[in-house]
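Here's a solo chain for you in structure tokens, the form predicted alone.
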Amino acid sequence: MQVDIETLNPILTESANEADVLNGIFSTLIKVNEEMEFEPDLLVQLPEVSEDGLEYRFELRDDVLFHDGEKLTAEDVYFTYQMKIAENNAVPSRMMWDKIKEFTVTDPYSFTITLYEPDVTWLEYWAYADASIVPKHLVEEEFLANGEELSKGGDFSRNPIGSGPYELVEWETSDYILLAAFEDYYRGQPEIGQVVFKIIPDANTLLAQFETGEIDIYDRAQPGQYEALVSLQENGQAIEVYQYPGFVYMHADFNLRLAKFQDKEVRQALNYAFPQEEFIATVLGGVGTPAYSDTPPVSWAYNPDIRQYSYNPDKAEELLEEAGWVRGDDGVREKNGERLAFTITTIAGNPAYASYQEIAKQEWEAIGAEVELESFDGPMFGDALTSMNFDVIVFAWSSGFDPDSTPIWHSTQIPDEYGTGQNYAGYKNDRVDELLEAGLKISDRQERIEIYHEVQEILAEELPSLFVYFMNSVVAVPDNLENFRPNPTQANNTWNMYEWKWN
């Protein structure tokens, strides 16, 4: 993996790389498989749902052990929920947990959850690594001692114990994480005895180590490396190379708290001035699809008819002039005494992000902006994002397979105003709020399609973020690795690592 790990505490994580490891250490109530279908994990069966859509009845397996030998029970699920809603705990989002009106433990292996109002997307949130169940008997003392708060550097975050197929053996910061098969895993001890997650920030080094066999699985390979991986296969290396559309999109978020980005015309101008299709063709080797909003073509709610922004620097300059941004003596545009000067921030070591920065700087300075670039490693980047200390920030979101995007765009999800959420851009739109709220309460798919089509139309018009491209995931594995089944959802490709084996 390219990005360093901040925490192995599922209560606090919001990183796809961390989720890869957490899938090994922990278990979730349900899983989403590669066909985007729910299946029980810690449950005996999928939960029963009342006719009004408010009550969910869960029954846990009674044969699940944590790695220290203690049984996993409904009290652990309830405690996990309590930590997610604890006011002092810096969880990435409380949105799904705040929807719970009542959580009733009925016996050691049964519990019932009642929602305030129906939410057709709600169950999906239990399927991903950040909803992993943690052991109450090991975490409660630290949680209470710190005033009902956990930290990414705390004891449990560094020394997690779960009920998943693998136990944490060793974690060398910025180097590797070693897991060993858990012999009492409820599905049976995994056949592969050890798994090492190596942290290698440079994508070219990752490719080189995959070619020499120093790493077995190269997940999240850069799109521009797809042809190189296929060449390895064609030249006789015994590997399988997968490329498949998913739910991840690269984007450049504006900090809408800054006056310079509050003119919609500025955001549209920057979009017109970026050669999106050329970027995908040359930097990504064509492995990707242009994005104009946040819902990918693989989604049933994708709207192909929203506003698009073909490369047009003249149009960009026209928009800036109309908005009152006039070139100064040095060529940089100004309005009301403010220069159109800003910094583009991204994660170090990602060639696509770095190329985006360089191209954007060149193109945007040509239309009268002044652009600085900065790149941070994973933890520093995370700090910049969550503290909202950025002008324009480039990274990728992984959407759920349901098109709801409330955590990203609803105005109640602005962290510095509400203390939770992932609307780091600070976007506010009453109509988007209204549509997102309606979309959660309607089960009819056609009605939901109409809702999310309009959300995409608004986002494409207002551009709180520059949507760059929908990623095709690229992963390469040895051809003798059985049961590797790539998963396009947030479950990630380690979702079924308990089934992997060598043939």
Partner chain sequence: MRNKIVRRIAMSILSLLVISALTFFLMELAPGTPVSRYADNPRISRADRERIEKNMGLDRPAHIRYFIWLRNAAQGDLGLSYMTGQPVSQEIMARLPATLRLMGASFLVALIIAVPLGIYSATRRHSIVDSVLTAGSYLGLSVPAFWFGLILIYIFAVWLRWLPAGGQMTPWFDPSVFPPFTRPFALLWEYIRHMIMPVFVLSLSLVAGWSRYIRSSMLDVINQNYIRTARAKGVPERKVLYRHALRNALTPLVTLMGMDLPAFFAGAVIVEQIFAWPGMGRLFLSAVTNNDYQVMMGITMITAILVLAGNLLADLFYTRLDPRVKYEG
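Numbering follows the first chain given and starts at 1. Since we're looking at a predicted model, the values are computed, not measured. Take the two forms, superpose them, and find the largest set of C-alpha atoms that agree within 1.5 Å; that set is the rigid core.
Not pictured, yet referred to below: the form predicted together with its partner chain.
No member of the trio Asn146, Gln262 and Ala425 reaches its partner chain in the model of the complex with any non-hydrogen atom inside 4.5 Å. In plain terms, the part of the chain that comes close to its partner chain in the model of the complex, with a heavy atom within 4.5 Å, is 381-389 out of 337-345, 159-167, 381-389, 183-191. Between its partner chain and the residues Tyr176, Tyr78, Tyr311, Tyr302, the one pair within 4.5 Å by heavy atoms in the model of the complex involves Tyr176. Of the listed positions (Leu373, Met95, Leu138, Leu256), a single one reaches within 4.5 angstroms of its partner chain by any non-hydrogen atom in the model of the complex, namely Met95.
Remark: Asp479 does not count among the residues lining its partner chain in the model of the complex, judged by a heavy atom distance of 4.5 Å or less. Residue contact check for Val196: one or more of its heavy atoms lie within 4.5 Å of its partner chain in the model of the complex. By the criterion of a heavy atom within 4.5 Å, Ile367 is excluded from the residues contacting its partner chain in the model of the complex. Taking the partner from elsewhere, Asn492 is found to have every heavy atom lying beyond 4.5 Å of its partner chain in the model of the complex. Applying a 4.5 Å heavy atom cutoff to its partner chain in the model of the complex picks out Pro201, Asp202, Asn204, Thr205, Leu207, Ala208, Gln209, Glu211, Thr212, Glu214 from 201-218, in order along the sequence. Remark: with the core as the superposition reference, the CA shift of Ser163 between this form and the one not shown stays below 2 Å. Here Pro118 does not count as shifted, since its C-alpha moves by less than 2 Å between this form and the one not shown after the core is aligned.
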